[in-house]
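Only one chain comes next, encoded as structure tokens, the form predicted on its own.
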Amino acid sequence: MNRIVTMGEMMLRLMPRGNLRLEQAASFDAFYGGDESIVAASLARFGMDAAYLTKLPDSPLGRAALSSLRAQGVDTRFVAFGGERLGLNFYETGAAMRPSRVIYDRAGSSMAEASASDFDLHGAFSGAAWLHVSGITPALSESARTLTETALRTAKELGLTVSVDLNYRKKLWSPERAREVMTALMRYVDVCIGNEEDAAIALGFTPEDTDVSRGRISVEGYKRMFERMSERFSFRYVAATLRESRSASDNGWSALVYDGKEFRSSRRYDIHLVDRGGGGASFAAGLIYGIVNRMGLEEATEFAAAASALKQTMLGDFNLATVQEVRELLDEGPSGRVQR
């Protein structure tokens, strides 16, 4: 019983070519995605039985979004149709000291207006082992918050493992509301994933002696934070990605995972970014894959970090890496030599 279900909003991401600013763009590259759809697509490409729950408009855009999921092997049987629109995400890729910027146009989207009555949650969770959501979904609207809580509660009642990527988005809700909602949802959560900003804003936990913006990271500080989080919420796993943002073009990337007994830190990757979008979601997918397939903690941590590092070398939302490619990176290192 290794079926994994994810639930969230699917969006259309529109990006100017190269490093053009939005106001310069005469055309856009278009990619369908969204955090939980990235997790489902990654797991499907890794050979897992992965299903995705969302609500899409019954329109050419909604059907194109559905087709993009099916192309990755995702089970879309439980996707609902209705509502008026697909959310848009305008993404301007930064360079050097100029940061990337995102403009959302997602108010009133089909998923923002969705409710539990739109979905057959028991049918979707039948035979499943895992449910994954992110903190983006309950931030969309009050109905989406209620749907998220209903889905998490139902999954726990049916014996599924529940993971949540905290994923705070300041353009969607305030820190105060995020902490109120996310703290309440943690009663259903077994695996908590997020970076230091997510943990601080959504749950009120910060790693000691750490300032990622200045490149100062205390692994021991993260370990103590993970221990406090596990004690407070009875998590089975706590995980975080560490992004050292030296510029908009070049980042350091690594990960930390704690299982209540052991604490593991992955190797660090220096990434010349092609598209940083989806890095966190690809890490979540890699970690879920490792846990479900009974990898040891060190192996699961390394697999998830490598998978998510690879994603950031690919344009578009979905991680197109295979298990073999992830293992090649782990075995052969990040030299980037031509494979013949």
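Just count from 1 along the sequence shown to find any residue number. In this text, all values refer to a predicted model and were calculated from it rather than measured experimentally.
Only in words, not in the display: the form predicted in complex with a further copy of the same chain, which the text now covers.
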Item to check | in the model of the complex, the residue from Arg153, Arg145, Arg85, Arg179 that sits within 4.5 Å of a further copy of the same chain by heavy atoms | outcome: Arg85
Checklist entry - Only one of Leu158, Val219, Ile103, Ala184 has a non-hydrogen atom within 4.5 angstroms of a further copy of the same chain in the model of the complex; which is it? => result Ile103
Next on the checklist: Heavy atoms within 4.5 Å of a further copy of the same chain in the model of the complex: which stretch in 202-210, 91-99, 222-230, 117-125 meets that?
Outcome noted: 91-99
Checklist entry - Do Ala51 and a further copy of the same chain come within 4.5 Å of each other in the model of the complex, heavy atoms counted? => result no
Checklist entry - Hey, in the model of the complex, is Pro60 touching a further copy of the same chain, heavy atoms inside 4.5 Å? => result yes
Checklist entry - in the model of the complex, does Ala300 have a heavy atom within 4.5 Å of a further copy of the same chain? => result no
Item to check | Proximity of Met11 to a further copy of the same chain in the model of the complex, heavy atoms at 4.5 Å | outcome: no
Next on the checklist: Check for me whether a further copy of the same chain, as it appears in the model of the complex, comes within 4.5 angstroms of all of Tyr188, Arg236 and Ala240 - heavy atoms only.
Outcome noted: no
Next on the checklist: Under the 4.5 Å heavy atom criterion, name the residues of 219-246 that approach a further copy of the same chain in the model of the complex, in sequence order.
Outcome noted: Arg243, Ser245, Arg246
